[in-house]
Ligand code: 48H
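Given next, in structure tokens, is a single chain: the form predicted on its own.
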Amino acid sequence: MKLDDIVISKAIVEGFYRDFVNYMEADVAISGAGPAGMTAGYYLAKEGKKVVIFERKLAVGGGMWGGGMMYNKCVFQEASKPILDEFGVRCEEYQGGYFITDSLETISSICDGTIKAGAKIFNLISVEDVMIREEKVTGLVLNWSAIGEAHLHIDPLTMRSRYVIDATGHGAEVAHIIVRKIGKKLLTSTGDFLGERPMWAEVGERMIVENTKEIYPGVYVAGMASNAVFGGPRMGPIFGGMLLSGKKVAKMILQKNE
């Protein structure tokens, strides 16, 4: 077969266009394809929900690639091991209740499982605003990440979803957008973004799951963004809370739909 450069280009453009148009309406839109965002997407898609995840970076996985200080091993506590097993991630027990994984295998397995469950991931797309109708977030405003990096004045596009999950990590970017655009109306003690506290793994891991909840009508927070919004400690290079948070937020949205 003789390869034609134009056929190759058309295949890419037409294939992407088809997918992008299809996911301009979804049941759940997730900002951030880190471990919490992908895990949430996996459990929602498994239950038949139409799920789309937008990741502003080239690669998914958030901070998991580098493990701790570029030692590419991840630590998980025992409570999160069933989720790792479900994704097919191999674990080694370091000592009682502590498990270590290869960070690259962990991310690759979670990403593969999430996509095969039916969730769609678009990388290199940033969430730059939210769509609010009748005091409820009903969608996201999107632009290419490169446009923001280049400081180009190019208008974005909008997609609609029934629910939004902020899984953007330490930045809690969707929560920040809401406060910046409509004021201190988050479901926190002050209505404002409270900011994360210093590292404390024991408390941080517990609070990540506790703080996984609705932060504004139609918007939920998961992963490290949960502690950033509600003022919990960061947890450092242990990732079990991320998976547990992702699973919890998926369950909360599924229960709301029952």
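Note that residue numbering follows the sequence shown and begins at 1. It should be emphasised that the depicted structure is a prediction, and the values quoted were computed from it without experimental measurement.
This next part talks about the form predicted in complex with this ligand, which is not shown.
Shown here without its partner, the chain carries M64, A167 and E173, all of which come within 4.5 Å of this ligand in the predicted complex through at least one heavy atom. Per the 4.5 Å heavy atom criterion, this ligand in the predicted complex is contacted by stretch 123-131, the sole one of 123-131, 181-189, 82-90, 148-156. Under a 4.5 angstroms non-hydrogen atom cutoff, this ligand in the predicted complex has M199 among its neighbouring residues. This ligand in the predicted complex comes within 4.5 Å of a heavy atom belonging to A33. Among residues of the shown chain, V249 is not one whose heavy atoms approach this ligand to within 4.5 Å in the predicted complex. For the chain shown alone, K213 is not a contact residue for this ligand in the predicted complex, no non-hydrogen atom being within 4.5 angstroms.
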